[in-house]
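A lone chain, given as structure tokens: the form predicted alone.
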Amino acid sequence: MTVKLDNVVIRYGAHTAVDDVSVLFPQGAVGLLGRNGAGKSSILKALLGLVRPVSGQMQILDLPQHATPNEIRARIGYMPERDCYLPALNGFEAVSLLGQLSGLPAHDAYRRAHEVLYLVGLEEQRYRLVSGYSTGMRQKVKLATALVHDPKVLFLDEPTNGLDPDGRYEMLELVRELCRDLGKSVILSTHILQDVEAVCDSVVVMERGRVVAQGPLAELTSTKDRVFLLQVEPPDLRLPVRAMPDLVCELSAEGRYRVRAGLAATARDVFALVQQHGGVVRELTLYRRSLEEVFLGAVQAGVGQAGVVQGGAAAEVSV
């Protein structure tokens, strides 16, 4: 695991932002998903020592419970949601300054600044003022500052915020590269479902300060029964509703079939069924729920309840 929270409560005055959250973030890329105000940023700030929970415990990597904020930040890279730069500094100066603030000697900070600016694709713009960067370039320099001290874990808060489609694709590719090639663990805090689907292996879904679903993405999107999506030729071919005890065929509005298969049925049986009725299978895919279905189901099931969906789903977000 990279991060573990046990019964964490965070309040701002009378407002409870995080309400008795217990969650485990495994290694790799984990999506911290929720609508704006769900408590995602509050969790990241608490882990960084920027806000103090009123109760509960937090464990980061192998650091002791009493680790200081500086000890924690030496092992973690943080990319905040909002712009945060000194307008008089160029890209190289901004990144190397953050390296020194993270505890690197000046020489090492300079070397690392060059390396991470090259990694994020800003090597040719490193001596330009950050204030003159485009939104996409400023997002990249924020990622470079999070990487300069070579942390094991990265907290990325809305990393694609304000980016156009090309910039968003580049940022997600960088995140994939960090996990796949450089062995970093990433906690990606976002309200954009497609970003999580693109790069994350596991998901934690929050709503109103509570965790309402968590687990591997493959398990959360799986279904109890196997359902095949089927397209046949000719298009007007009609299959019986219950051709076999373990095969149930339902014609969808798009002219395709949803075939629910029991434990004893296989895809071969579906092909045989279509052939028996004089048809040909043009497309056969195994149905999986979308992350949007998982999210909406978890939110609807979790509002006002203390239960958490584990490895399956029991709002408005960006898709």
Partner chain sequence: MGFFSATIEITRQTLRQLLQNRMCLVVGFALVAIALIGYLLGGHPPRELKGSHLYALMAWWLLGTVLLPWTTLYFGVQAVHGDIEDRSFQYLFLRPVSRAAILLGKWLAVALLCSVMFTVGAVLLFFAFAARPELWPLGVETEMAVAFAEAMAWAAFAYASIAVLFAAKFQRPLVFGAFFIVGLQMFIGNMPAQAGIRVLTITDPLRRLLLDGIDPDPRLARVLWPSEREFKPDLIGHPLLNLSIIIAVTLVLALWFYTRSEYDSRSRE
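This structure is a prediction, so every number in the text was calculated from the model and none was measured. Positions refer to the first chain, counted from 1.
This protein has a second form, the form predicted in complex with the partner chain, left out of what is shown; the following refers to that one.
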| property | result |
| --- | --- |
| Contact at 42, 51 and 87 by the partner chain in the model of the complex, all three, heavy atom at most 4.5 Å | yes |
| Partner contact for residue 93 in the model of the complex: the partner chain, 4.5 angstroms, heavy atom | yes |
| Residue 100 within 4.5 Å of the partner chain in the model of the complex, heavy atoms | yes |
| Residue contact check: residue 188 to the partner chain in the model of the complex, 4.5 Å heavy atom | no |
| 4.5 Å heavy atom contact, residue 145 to the partner chain in the model of the complex | yes |
| Region of this chain that lies against the partner chain in the model of the complex, out of 137-145, 214-222, 173-181, 115-123 [heavy atom, 4.5 Å] | 137-145 |
| In the model of the complex, the residue from 74, 244, 229, 237 that sits within 4.5 Å of the partner chain by heavy atoms | 74 |
| Heavy atom within 4.5 Å of the partner chain in the model of the complex - the one residue of 70, 55, 276, 252 that qualifies | 70 |
